[in-house]
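Only one chain is given next, in structure tokens, and it is the form predicted alone.
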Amino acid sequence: MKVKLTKNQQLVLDALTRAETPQTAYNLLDELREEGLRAPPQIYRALDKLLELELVHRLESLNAFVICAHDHHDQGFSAFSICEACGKVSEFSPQEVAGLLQGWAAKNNFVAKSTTIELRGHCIRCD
């Protein structure tokens, strides 16, 4: 499904695609100021839409955003490893973990809308 993004949404998506580490809304604002984005609400509106379209993820522990690296929209499950030394984030979707969580939810009459797991530690380069 190809989605038509607004100029601001595309600018934010492109900035996140170029970024090597997760970006806060204010990092994005600083980077995109010369492109015409001058107020936090412009960034937040673009991020909200990109989150809705599942093109980006919000990392709760960092209050930052990363580009979506996988097509996992049908399962509502995302997992990330976050290196505390260099800031590198990797996205992965282990099916066995998703299955365990879905099984638990079904057994406990819980309807999960989405699941995000964040593993913090050190990548192999920084270990």
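One-based numbering along the sequence shown. Since this is a predicted model, take the numbers as computed values, not measurements.
Omitted here: the form predicted together with a further copy of the same chain. The next part is about that form.
**Q** Counting only non-hydrogen atoms and a 4.5 angstroms cut-off, does E118 reach a further copy of the same chain in the predicted complex?
**A** Yes.
**Q** Is there a non-hydrogen atom of Y44 within 4.5 angstroms of a non-hydrogen atom of a further copy of the same chain in the predicted complex?
**A** Answer no; every heavy atom of Y44 is more than 4.5 Å from a further copy of the same chain in the predicted complex.
**Q** Heavy atoms within 4.5 Å of a further copy of the same chain in the predicted complex: does E35 have any?
**A** Looking in the predicted complex, residue contacts with a further copy of the same chain do not include E35, since no heavy atom lies within 4.5 Å.
**Q** With a cut-off of 4.5 Å between heavy atoms, is A39 one of the residues that contacts a further copy of the same chain in the predicted complex?
**A** A39: no contact with a further copy of the same chain in the predicted complex.
**Q** State yes only if every one of Q9, T21 and L50 has a non-hydrogen atom within 4.5 Å of a further copy of the same chain in the predicted complex; otherwise state no.
**A** Verified in the predicted complex; spot residues all out of contact, no.
**Q** Determine the residues of 100 to 127 with a heavy atom within 4.5 Å of a further copy of the same chain in the predicted complex and present them in sequence order; the list may be empty.
**A** Sequence-ordered list: L100, L101, W104, N109, F110, V111, A112, K113, S114, T115, T116, I117, E118, L119, R120, G121, H122, C123, I124, D127.
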